[in-house]
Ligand code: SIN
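What follows is a single chain, given as structure tokens, in the form predicted alone.
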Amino acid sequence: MTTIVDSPVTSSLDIRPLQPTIGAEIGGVDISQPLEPAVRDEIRAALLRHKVVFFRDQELTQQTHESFAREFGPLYTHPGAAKSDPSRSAIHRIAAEDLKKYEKSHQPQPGDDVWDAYHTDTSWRLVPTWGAVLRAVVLPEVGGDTVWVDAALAYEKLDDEVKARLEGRHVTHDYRSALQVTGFDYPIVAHPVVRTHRETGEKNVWVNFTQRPTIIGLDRAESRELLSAVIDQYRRPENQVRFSWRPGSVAFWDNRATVHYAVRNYGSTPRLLERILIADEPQYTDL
């Protein structure tokens, strides 16, 4: 069963759940200002409970964006962020034109399976980042939503037979072709397909479908069969929350508990979001 982490009994925040197990909008706080420790702890408790939280009508600069993210841990500089703007190395631009470059560099290789792009950030690292804070900068008039999936609920709804076959298995996360465009390299890593969240105790099914996933120790057909069962759960609307961006919108999510999917339905209209990643502990920064 899915574990629910209780928020504090008394709260200065207005927390409105969007779906039963994932997603909530938080009001009653200006995150451009320094947070009182009690408010910071309430936001973190809400994040653990709801897995992704949203703030509306926030007026953040790059500096205050960084300051808010830093309230929850040390920041991680993504190789793509360091190249795009060395002066703001923690900020990674998520722009429509950059996504096109990524897709060009990350073309499927012969024999690769092609999946819908459900993913989690920096899973290519031995120690992935635990959180991410994403803010709207330039938006299309309509379209460009983001979908988050409750990875614990996705696991819970797998058939028992599939759960048994996934237990103890590891899946590859291969981001090399995209990293090499930035002059960076990293070996292929493998994480457990089923991971236990160390703070909530939930079991999550955790696969990055943008990074050539293959379940180690299985032949291609069986790996594909099991990965298909996972992505079928990711695609189910009842396991998701969908967020429509507006000016001043900010999303903060737990990478350990979710995967997400960017809806690319806005054509050639400009769209720019800026993301800051929060490092997990221990920080093996040189791995």
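Residue numbers run from 1 along the displayed sequence. It should be emphasised that the depicted structure is a prediction, and the values quoted were computed from it without experimental measurement.
The form predicted together with ligand SIN is left out here; the points below concern that form.
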I'd like to check something about residue 253: if you look in the model of the complex, is any of its heavy atoms closer than or equal to 4.5 Å to a heavy atom of ligand SIN? yes
Whether residue 146 contacts ligand SIN in the model of the complex should be assessed with a 4.5 Å heavy atom distance threshold; does it? yes
Find out whether any non-hydrogen atom of residue 94 is located within 4.5 angstroms of ligand SIN in the model of the complex, and reply yes or no. yes
Look up in the model of the complex whether residue 195 has a non-hydrogen atom within 4.5 angstroms of ligand SIN, and give yes or no. no
Only one of 191, 125, 203, 119 comes within 4.5 Å of ligand SIN in the model of the complex by heavy atoms, so just point that one out. 119
Selected contact from 60, 262, 35, 48, since only one has a non-hydrogen atom within 4.5 angstroms of ligand SIN in the model of the complex: 262
Contact segment among 38 to 46, 253 to 261, 52 to 60, 224 to 232, judged by heavy atoms lying within 4.5 Å of ligand SIN in the model of the complex: 253 to 261
Judged by heavy atoms and a 4.5 Å cut-off, are 78, 176 and 178 together in contact with ligand SIN in the model of the complex? no
Residues within 4.5 Å of ligand SIN in the model of the complex, restricted to 123 to 142 and counted by heavy atom: 134
